[in-house]
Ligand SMILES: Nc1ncnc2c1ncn2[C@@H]1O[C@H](COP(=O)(O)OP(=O)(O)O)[C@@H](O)[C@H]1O
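Consider the single chain below, provided in structure tokens and representing the form predicted on its own.
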């Protein structure tokens, strides 16, 4: 797939800008704090319906304005996909999503119309941070490919919150205990669905990323990624979740939260059979994240039969020559959006279109 048109209005520090990017490598170059990442952020917003930098949509609206709008037209093998997102400060319905100019009621209906893989400095938290960072990686991948996964995940989160609220009420009023079973059933059902998707995807990611790591490191580094879950190999997930919930019930009531389930899952990342979070060097950590992103792209390509777009936000200068060359070799025939402060950050990478970004203005220059 490729993005053929991108327009933003009153978004971050932009008043109004519109581009028709090249099918190949598009570079946004400029000094810091000029708006490069803001523009990239608007594109990613149309991929997943949320910012990768903030949970507060109102922060995306230009200072002093009442709304922001992002409009993308993307071409896939099945034809054109038209997505628009409007953010409003005052209205009760603060986020409006339109597909082909028709408003949709569920954010899940956005998924898959514009599929992007983003690589940004914050992604290093996949190695350095807690389990939630690694769950976010796999959840974003699967949500964009499978709307059914996204809806199951949404339902699970809502059910989990309801169960946690009920646990705190039961602690004060034991007569409510029989009502817990209904929420357990819902949590188990959705949890089993999510587990199955994650298990298969992580197995594929492990196979692809480990090969990429060997290639980048010249055969020196062995990468392995293991799915950590309450469910052991070959166990029935529904039976296991039910047994865990029953076993932990009294402790959960006392603590006021659910201690078992897919919301506790993690990915154990090892480099040369050691915990990457503890033992991987800075260079190895960057390689691991790069390999995870390359695996994400390959999983999408295998399932959908076409390439996603690639968004690289201020990462080229962070990669050494070998890693940079590996990335450049892999983005051939993939529409790519790159931000940098200097063209030298790209080394000898081919560019198809270069945009100069300055004070919320984007000017197309010769590539």
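Residue numbers count along the first chain shown, from 1. Since the model is a prediction, treat every value here as computed from it, not as a measurement.
Keep in mind that the form predicted together with this ligand is not shown, yet the notes after this line are about it.
Residues within 4.5 angstroms of this ligand in the model of the complex, judged by any non-hydrogen atom, belong to 54-62 and to none of the other stretches in 317-325, 302-310, 54-62, 330-338. Put simply, residue 35 is close to this ligand in the model of the complex: some heavy atom of it is within 4.5 Å. Heavy atoms of residue 356 never reach within 4.5 Å of this ligand in the model of the complex, leaving it off the interface. For the chain shown alone, residue 342 is not a contact residue for this ligand in the model of the complex, no non-hydrogen atom being within 4.5 angstroms. Within 4.5 Å of some heavy atom of this ligand in the model of the complex lies at least one heavy atom of residue 13. Annotation for 292-330: no interface residues with this ligand in the model of the complex [heavy atom within 4.5 Å].
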